[in-house]
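Just one chain is shown here, as structure tokens, and it is the form predicted on its own.
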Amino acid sequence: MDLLLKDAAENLTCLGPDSLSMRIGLSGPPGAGKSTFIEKFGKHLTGCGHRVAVLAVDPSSATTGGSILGDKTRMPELTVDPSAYIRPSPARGHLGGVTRSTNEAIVLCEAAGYDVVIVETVGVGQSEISVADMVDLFGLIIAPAGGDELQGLKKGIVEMCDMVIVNKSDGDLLPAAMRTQADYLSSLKYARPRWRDWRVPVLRVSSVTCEGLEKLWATMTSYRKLMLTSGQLLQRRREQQRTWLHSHLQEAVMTEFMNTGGMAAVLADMEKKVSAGIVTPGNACDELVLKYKQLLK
């Protein structure tokens, strides 16, 4: 991975920021049609000469820990496209379904020549924010009649997105899609913009007729151009790397903490005391850290 990062840095120096791939994160509630949309959108991009990688994170069972990993079955056309690559992976209990391997898989796909990398994540509402820390553009996919404008404001995910995509804008759902678009446009007027020069657009698309896909891609490229010109894209990626360093560090420290001899038993005993109301969670944490320091000496 270090060699790939070094090679990427050399390419950036020689070719400039325009050589960077476009990282797109897509999320949304179940039933919004994310997989169908990604297939049609991916086919549109490969038809325009792009090479597309799709990293689809599948939810893991809370009981068995297993995942179906059936995203390829929902994208039959894109799966056999020679200019596309689809990699499903299990969420494994991570918040938002974004795992450490997903972040590194983005780098591998870019090294393999894919200039558009799409990360599809588990649609779980407000907890789905970690994907925004590994992509250049974060899009929220919603279905028509998914809630009024007030509900749109309540969703923390709306505050993180750079674009709202109203899917299924066709047939009998067209009027509802237009109302949903208007509701979100109205609600976003009261939301603080993430970027000074970018107003979050709300676009309607159809995964059946492919209507709106061309305009959507044009809007995405306009966003990328703005971010490149202002220097915010490179700044955003540097900040994302620091964020993921801290995330990996927390995970590694917790693993080391649990693997230290005797700490698992001490933690289990402390959990019983917390559950019984004998000690507060804060004080329990302080005692565990103190015990851990003593074991290290």
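Computed from a predicted structure; not experimentally measured. Start at 1 and count along the sequence shown; that's the residue number.
One more form of this protein should be noted, the form predicted together with a small molecule, which is absent from this view; the next part is about it.
- By the criterion of a heavy atom within 4.5 Å, S206 is counted among the residues contacting the small molecule in the predicted bound form.
- Of the heavy atoms in L173, some are within 4.5 Å of the small molecule in the predicted bound form.
- Taking the partner from elsewhere, L45 is found to have every heavy atom lying beyond 4.5 Å of the small molecule in the predicted bound form.
- At a distance threshold of 4.5 angstroms between non-hydrogen atoms, A32 is in contact with the small molecule in the predicted bound form.
- Interface residue among Q240, T260, T36, S247, judged by heavy atoms within 4.5 Å of the small molecule in the predicted bound form: T36.
- For the candidate set R194, R74, R87, K215, a heavy atom within 4.5 Å of the small molecule in the predicted bound form is found for exactly one residue, namely R74.
- Look at 130-138, 165-173, 107-115, 183-191: in the predicted bound form, residues with non-hydrogen atoms within 4.5 angstroms of the small molecule sit in 165-173.
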